[in-house]
Ligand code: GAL
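Given as structure tokens, the chain that follows is alone and in the form predicted on its own.
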């Protein structure tokens, strides 16, 4: 457990650097990320490098006892490079290049940019690969930010056609897989295929899905190039990338496979404002963030990181990029920091050391104000450092790796497919996945977030949000685990080529769940369907967004546990497999998960929506997002390492389990 900070020496007079480094070290900061946006200073003129300033900055930080996270500066290609190769700019769906003047103005498929990136990455890695102060590396910065994964450039189209050739081998195989006989869309060669954009009406869904798959693979290819260069010139130093919160435009599992550390940038208040949450939810958690949002991302990135994951950028105060930008409540920066460690983070790095008084992010807070005084976030970071020392002194295994009893399956391709074929405008895969996760956390459960190809051995409860395309061996792996399995609606509803399965949904999963979904419907946001549990409680709830119609004859072989008002099954069970035919309200979802968890032998604890508990090694962490104190029962007073039995609003308590 350690803390870090993001620093931009090029933004400040060199006379400030030594004092900044001294104060960082005094605050307890151990690692400093630099240079991710510094290409124009590193190479101000084509082929002419100015290393002096960066050499001195690295030396100053190293002399203060700080470890440097050196970044490749490819997120911001300089103006001279764009002028030389304007084809580097990505092209939007409107056919227009996206211009120079901000950041991430490049196309992953551009051959000119690929080679320019290879050259600058090699230069930086050769220069600093074995510098004693450089302990870690970061590739680029926030791949895909500002809607830059998908480009419709000529270069992207050329590479897409090559990608299709590799996938399908023959044009006849592609025509058959896509079903291009529909609307007379058959192709005679791969060279006839264009990007699926600017069509009169909806472009072919299989075409669109493959374009998303292709664009995702381009990100992985680009990142792999950088990682290979770094490993060649800086052996033994871990390589990271900073992913974004709940970002789903490329397959992060594929990119993380080439990394040592998956890191992410945590901005809970900006995320709350920008995501799907209803106005009353946004108002309630305005200055704290939703109690499950940061932890969901922690668990996503923990699951794909070889070494302990990091938070590369932790929000320290108000940000600048959401529609409205409130200030965190006192204590929240501390709470967010400890919550990351409770989920297994190796480092929490704050963005940034000092608030910039110029340019696009001048309203984005740092640990210090623009006049160089420690801000509230800086004070809370200092408190976290003191508490880390206390925790580590009492528990050397405070961040020990554990495996949860509960797994949640998370799939990027599912999001793309439902975006292409929503059937209902608000069928939002990230939202429904998050709601399942939130229900599990409200029951006091630690959750491992895993990909569809994970091993499920050792789990007692496996929860699968709507998963349209399931791998061929998915049912067998689930059954072999011996766990209780919950499947959301639309699971198994499509084949890999985006067709309806020949035997209807759930397709191949019918081997373990013998049902037949013969009709579906989507529901408007102001429409719900009543649901009643078929148990002694007779509890009721509502179905939202979607409804699967389960064949009544097939349902006779199933245990029907809940019904819609018209008598159709809403929740059925077959052995260890549970199928939910809709998305239910939060209270009903929590109730069902609690019942299934009990059948799985997993103990739950009703926490409500304000308090969250996490367990790492021998420690239990308690976080209070609410407005009222929360009292812990049945914990000895001498068990507490941080805090006490009464957890104040925005408070943290840590005790020996």
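Positions refer to the first chain, counted from 1. Keep in mind it's a predicted model, so treat the numbers as computed, not measured.
Just so you know, the form predicted together with the named molecule exists too; it's not on screen, but the next bit is about it.
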Open item on the list: Taking the named molecule as it sits in the predicted bound form, is residue 182 in contact with it (heavy atom to heavy atom, 4.5 Å or less)?
Closed with: no
Open item on the list: Does any part of residue 321 reach within 4.5 Å of the named molecule in the predicted bound form? Heavy atoms only, please.
Closed with: yes
TODO: Mark residue 242 yes when one of its heavy atoms lies within 4.5 Å of a heavy atom of the named molecule in the predicted bound form, and no otherwise.
DONE: yes
Open item on the list: My question is simply whether residue 267 lines the interface with the named molecule in the predicted bound form - judged by any non-hydrogen atom within 4.5 Å.
Closed with: yes
Open item on the list: Going by heavy atom distances of 4.5 angstroms or less, which of 405, 415, 131, 364 would be at the interface with the named molecule in the predicted bound form?
Closed with: 364
TODO: Name the residue from 282, 103, 516, 561 that puts a heavy atom within 4.5 Å of the named molecule in the predicted bound form.
DONE: 103
Task: Candidate stretches 139-147, 502-510, 246-254, 470-478 - the one whose heavy atoms come within 4.5 Å of the named molecule in the predicted bound form - done: 139-147
Task: Residues in 21-57 with any heavy atom within 4.5 Å of the named molecule in the predicted bound form - done: 37
